[in-house]
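Below, in structure tokens: the form predicted on its own, a single chain.
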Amino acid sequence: MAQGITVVPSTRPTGSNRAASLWSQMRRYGWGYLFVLPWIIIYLAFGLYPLALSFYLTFFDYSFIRPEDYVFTGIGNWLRGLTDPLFWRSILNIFYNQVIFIALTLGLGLLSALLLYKAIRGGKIFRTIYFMPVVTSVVVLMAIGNYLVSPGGPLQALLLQSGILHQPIFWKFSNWLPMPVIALINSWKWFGVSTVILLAGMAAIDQQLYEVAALDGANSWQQFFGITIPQLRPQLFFLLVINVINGLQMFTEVFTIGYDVYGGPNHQALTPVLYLYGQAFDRSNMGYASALGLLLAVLIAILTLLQFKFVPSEA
């Protein structure tokens, strides 16, 4: 006797059902889509479209002065960027700058965060004072910093009076001093960010760890290097990543203190963004500038991935 076969209807939605379900969700959340629509339009107009246009222009020798005379070059602009000594000189300048800048900001931020964490009175006032440079304009602070360390500024005058210097130093024309000086001025502005983030990390550390360490006979230095620093690894890793990304995009700091788009006569203050800006608006070579910009983006992505892979980020 043949057994009956039960046919189970398919629960997979058909194309028409999926379209109806999608349309019903759009109607249900219509106000939400309406509110995010301006952001989507702005992102498409000023985010994706410029990125796509830049990638397209990398394959052409294009000038905005004579846009009709563009010439297809294939991957020529990419190869030129990879072998351009000035582009790699700008990368070297930035790494030289960022080694000093990251060491200063993390060191000062860690020290000030520790002092504020231990402060009993006036902690809120000093937090505000330390963070004020962060909310101040980059142009203003770089102008003030440039004046302070200039040959006629008060800092060099004090060093001359004390006998540490025998003559003023025209550091802008030196081959290796501009990047450290810019890093020093820039650290003054941004160490407040490190202070706030590291202070928040210290507040989240379990105090029982210090109590147990104290019972085992650990002194303050041993507690600092054995508990505080390891527990702050996520915050330190975050600061390292954002500092490397922001450092490779440095432009305003160098341009504000008086350097041209090529970083001085010997390119001693040249940065990647300054160089591609010069290629785009000084030499009107938009195709090559676009290739440099995308090469810089690829380099930033590679360095970020390497940091995530090799730098410990967990406590």
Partner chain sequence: MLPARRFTWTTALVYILLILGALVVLYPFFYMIMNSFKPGPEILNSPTRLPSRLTLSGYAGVFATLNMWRLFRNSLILASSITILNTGLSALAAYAIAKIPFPGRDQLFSFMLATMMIPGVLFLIPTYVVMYRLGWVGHFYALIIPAAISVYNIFLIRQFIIGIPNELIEAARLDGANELQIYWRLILALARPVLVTVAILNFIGSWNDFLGPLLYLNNPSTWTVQLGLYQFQTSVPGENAQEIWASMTLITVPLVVIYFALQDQFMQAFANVSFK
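Residue numbers count along the first chain shown, from 1. Definition used throughout: the rigid core is the maximal C-alpha set that superposes within 1.5 Å between two forms. Remember, predicted model here, so these are calculated numbers, not experimental data.
Another form exists, predicted together with the partner chain; not displayed. Remarks below refer to it.
- Per the 4.5 Å heavy atom criterion, the partner chain in the predicted bound form is contacted by stretch 151 to 159, the sole one of 151 to 159, 93 to 101, 168 to 176, 207 to 215.
- For Tyr147, a non-hydrogen atom is located within 4.5 Å of the partner chain in the predicted bound form, even though that partner is not displayed.
- Interface membership of Thr105, defined by any non-hydrogen atom within 4.5 Å of the partner chain in the predicted bound form, is ruled out.
- The closest heavy atom approach of Phe87 to the partner chain in the predicted bound form falls outside 4.5 Å.
- Using a 4.5 Å cutoff between non-hydrogen atoms, Arg127 counts as a contact of the partner chain in the predicted bound form.
- Residues of 118 to 139 that come within 4.5 Å of the partner chain in the predicted bound form, judged by any heavy atom, are Lys118, Ala119, Ile120, Arg121, Lys124, Phe126, Arg127, Thr128, Ile129, Tyr130, Phe131, Met132, Pro133, Val134, Val135, Thr136, Ser137, Val139 in sequence order.
- Relative to the superposed rigid core, Tyr29 undergoes a CA displacement of at least 2 Å between the shown form and the other one.
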